[in-house]
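In structure tokens, one chain follows: the form predicted alone.
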């Protein structure tokens, strides 16, 4: 007879790990976390450490404002990944891939990977770009490549999760095109909430 799973019926654990330069990806991360909480999940929303040189940040007003005023006191850690049943990764596009800041954090996960501690969790990804064809899908796919190596089960946003996604969503994951430095609109935030809710639902089943 199988041993009972001590986590059975417990709330699913979701961690949202992201990099944001101006706050747009952070807004999507918070909406995703909100959607997961709506499904009863325990949620941690964690930015990764900023690694860009000061002179680069100084040259961009919105980047500088975010670095100086962002509200996060706790940054992402390996413990957050091990704790979670479901993981969401978020980053602005950088030439069709994730930002170096997020990649640097992910490059520290080798120990957890070697121990199999990231396998059989559920993963999903989201992004933002400044242009309509600036690499939204390729950035999400690039982040998902990490899940393949971890053995994490990949959960796309899809279109079936909510009717509104047929007109406003990206089936790869929540995304936002920030024209003229605009913040995510209601459609983008709804897509992120739907993604978070779906991640919590699937993670709960996997944790059981």
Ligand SMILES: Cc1cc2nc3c(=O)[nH]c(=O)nc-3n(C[C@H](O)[C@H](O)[C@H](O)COP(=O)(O)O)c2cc1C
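Residue numbers count along the first chain shown, from 1. Here the structure is a predicted model, which means the values were calculated and not measured.
If you look for the form predicted together with this ligand, you will not find it shown, but the lines that follow are about it.
**Q** Just one of 100 to 108, 129 to 137, 116 to 124, 79 to 87 has heavy atoms within 4.5 Å of this ligand in the model of the complex; which?
**A** Selected range: 129 to 137.
**Q** Taking 4.5 angstroms as the cut-off for heavy atoms, does residue 170 touch this ligand in the model of the complex?
**A** So residue 170 does not count as contacting this ligand.
**Q** Mark residue 21 yes when one of its heavy atoms lies within 4.5 Å of a heavy atom of this ligand in the model of the complex, and no otherwise.
**A** Residue 21 belongs to the contact set for this ligand.
**Q** Using heavy atoms and a 4.5 Å limit, would one call residue 178 a contact residue for this ligand in the model of the complex?
**A** Yes - in the model of the complex, heavy atoms of residue 178 and this ligand come within 4.5 Å of each other.
**Q** Heavy atoms within 4.5 Å of this ligand in the model of the complex: does residue 25 have any?
**A** Close contact exists here: in the model of the complex, residue 25 approaches this ligand to within 4.5 Å, heavy atoms only.
**Q** Which residues from 64 to 101 come close to this ligand in the model of the complex, meaning a heavy atom within 4.5 Å?
**A** Heavy-atom contacts within 4.5 Å come from 92, 93, 94, 95, 96.
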